[in-house]
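In structure tokens, the next block holds one chain alone, the form predicted alone.
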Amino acid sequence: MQVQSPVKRVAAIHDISGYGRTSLSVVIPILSTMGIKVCSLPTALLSSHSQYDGYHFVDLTDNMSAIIEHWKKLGASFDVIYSGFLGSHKQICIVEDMINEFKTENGFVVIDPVLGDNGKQYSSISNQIVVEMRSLIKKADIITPNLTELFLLLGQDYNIKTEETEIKDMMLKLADAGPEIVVVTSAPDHNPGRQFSVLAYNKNGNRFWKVPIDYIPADFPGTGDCFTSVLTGALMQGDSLPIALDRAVSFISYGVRATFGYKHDAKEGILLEKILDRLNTPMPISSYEVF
């Protein structure tokens, strides 16, 4: 008889970058700080994340299935399956098999569909990956696309001037494909004094949620990975969706502000080591809205 783990476990299917704070280098410390055991299934090994020129890339596709098979032999179980960057269409098939094998009745699947940003598809992401990601998200309970990825998943041309009412319709279309919760990060907010918000739709209750983002004129890689990791950890701790969204936005905003004050290479990402303890401090007053 398998002994139940005293802490919750997440299978994290992401790449790992040796330099810079992205992917598993932020997923592991964030979720560990939140009291969750991370079991890593690396998709690729990079000398640095892809915003640095000349990075070395090792594709781990051919090793992923062997890792999963060993987990099966160990009788491993996971409360959550959480995927991020997938470097090939073959990896998408592997993740589908992983979900079929390990998803439990009370567990959930989080998919961060890493496809592009700022209106452009990432150079490492083929059109085939985009097409097959549309199939993979059908197996997710929660997806967290940014605005660019929202358009790519729906096969529509990117438009930064898209209104909230249009984004709501797009979120409903994605939810119809399978996910119970659709979270859109970096959605344009046309209200005075704002630039961006995080928007979410939950089929359970048919509700839309919105959390405004404090704007700082800085761009740090890995903030999307940090956001989805905090969101996942908060939901695993039993938070409601709007509170989990609030915690994730608050943490990222604090991290950006804490980092922006230093003379610091922005490509390295937010100074995560200085703010991890924030995850275990009382939350500020909630700022979520129903819209």
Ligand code: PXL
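Start at 1 with the first residue shown and count on from there. Small disclaimer: the values here were computed from a predicted structure and weren't measured.
The discussion below concerns the form predicted in complex with the ligand, not included here.
Between the ligand and the residues Val80, Met171, Met98, Val114, the one pair within 4.5 Å by heavy atoms in the model of the complex involves Val114. Only one of Leu46, Ile28, Val256, Ile243 comes within 4.5 Å of the ligand in the model of the complex through a heavy atom, and that residue is Leu46. Using a 4.5 angstroms threshold between heavy atoms, Thr61 stays clear of the ligand in the model of the complex. In the model of the complex, the ligand sits within 4.5 Å of a heavy atom belonging to Gln51. Proximity of Tyr122 to the ligand in the model of the complex: non-hydrogen atoms within 4.5 Å are present. In the model of the complex, the ligand sits within 4.5 Å of a heavy atom of Phe85. Partner contacts here mean any heavy atom within 4.5 Å of the ligand in the model of the complex, and among 132 to 140, 172 to 180, 156 to 164, 114 to 122 they occur only in 114 to 122. Residues of 20 to 34 that come within 4.5 Å of the ligand in the model of the complex, judged by any heavy atom, are Thr22, Ser23 in sequence order.
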